[in-house]
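Encoded as structure tokens, the following chain is the form predicted alone, with no partner shown.
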């Protein structure tokens, strides 16, 4: 890519904090290019404009996070503004059995523990956006939930992208210990940030018998771009759940990857995307079953209107050793406009012979009989359509077990539909 080095020069003045960053910089400067539509897994998503853009380093003055909090949510907030940790805006109280650290501030044994896991689960050698993030993140969250700890309230990582033409490489590293249980919410919020780019990576390690839920809420703004990668690594008898809700973003690309490397694991992934205008949302998932007796469940639902575009590509890999795997995948879509587009490709690659696996996709419009029935009961056309859309999304919103967060997501769906019919 002709302009790659010019693009990277914008970040080269940033100091490398950790050895992995120097390694990644060598990789991305020496031959690793950003994907184009000639790459199979990026064929519907053009990122050329992102890596040809010029970004600035903004230093905003954020006085309060009240506008970004989830109403009614009891959680510890860890706040980053344009990629930098803000102790002033964060909740700094200690939680028994949990260590919450800014990567930049980690010291001693804590830093050593972080370095043992950092960049271990993502591929920064062949994936350019991973290498970009690893090379140039300036801070990040490092959260450890100790063995046998059960958290009653979630931990919320709030990433604020503020002011125009801002580029943020966001990094999270979460380790959930043996038999521990915890919920995490990652809020991405935009503040007057048209033309901005967020490139985020979350590495989530779930050790033996652990149980982790991660909710990703993307609300960077209508004129922003977001490239997001979540890598989940599971050990024996662990459970994990990732729910991705895309609210705004001119271009959004989500990469969700699970590596299941112990028997008795359960992996669950859910997503909702409700697109409008010329918005483009691309969801790619990959579940790698490497051991026997594991389950994975996947359900993504999309509602597309105007001239927006949705992409779903989900792949389940079942290795030869992964006998008695149960893996299910579904992508369902409703088109509210005849100019909206969805590209969907569920995939199974199975090398074991004693498995139960299925995949499928649906694309359609609102059910005419259901619309007629609701209108015959006194609802106008818009109200009937809104009720059907909310019911359609309900299979995913029901997976959000935190009441306050679920109400926030349901409120987004309600408001999105109202805006479409204003």
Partner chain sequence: MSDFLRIKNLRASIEGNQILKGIDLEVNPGEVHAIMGPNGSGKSTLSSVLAGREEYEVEADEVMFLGKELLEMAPEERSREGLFLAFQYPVEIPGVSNINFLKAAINAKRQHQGLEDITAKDFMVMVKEKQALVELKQSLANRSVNEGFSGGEKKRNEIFQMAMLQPRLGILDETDSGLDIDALKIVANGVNKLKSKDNAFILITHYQRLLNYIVPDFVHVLYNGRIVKSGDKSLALELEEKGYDWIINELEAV
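Residue numbers count along the first chain shown, from 1. Note that this is a predicted model, so its numbers are computed, not measured.
Keep in mind that the form predicted together with its partner chain is not shown, yet the notes after this line are about it.
_Counting any non-hydrogen atom inside 4.5 Å, which residue from 50, 370, 62, 27 sits next to its partner chain in the predicted complex?_
That would be 370.
*Among 379-387, 42-50, 28-36, 62-70, which stretch sits within 4.5 Å of its partner chain in the predicted complex, heavy atoms only?*
Heavy-atom contact with the partner occurs in 379-387.
*Tell me, yes or no, whether residue 391 is in contact with its partner chain in the predicted complex, where a contact means a heavy atom of each within 4.5 Å.*
Yes, residue 391 is a contact residue.
_My question is simply whether residue 375 lines the interface with its partner chain in the predicted complex - judged by any non-hydrogen atom within 4.5 Å._
Close contact exists here: in the predicted complex, residue 375 approaches its partner chain to within 4.5 Å, heavy atoms only.
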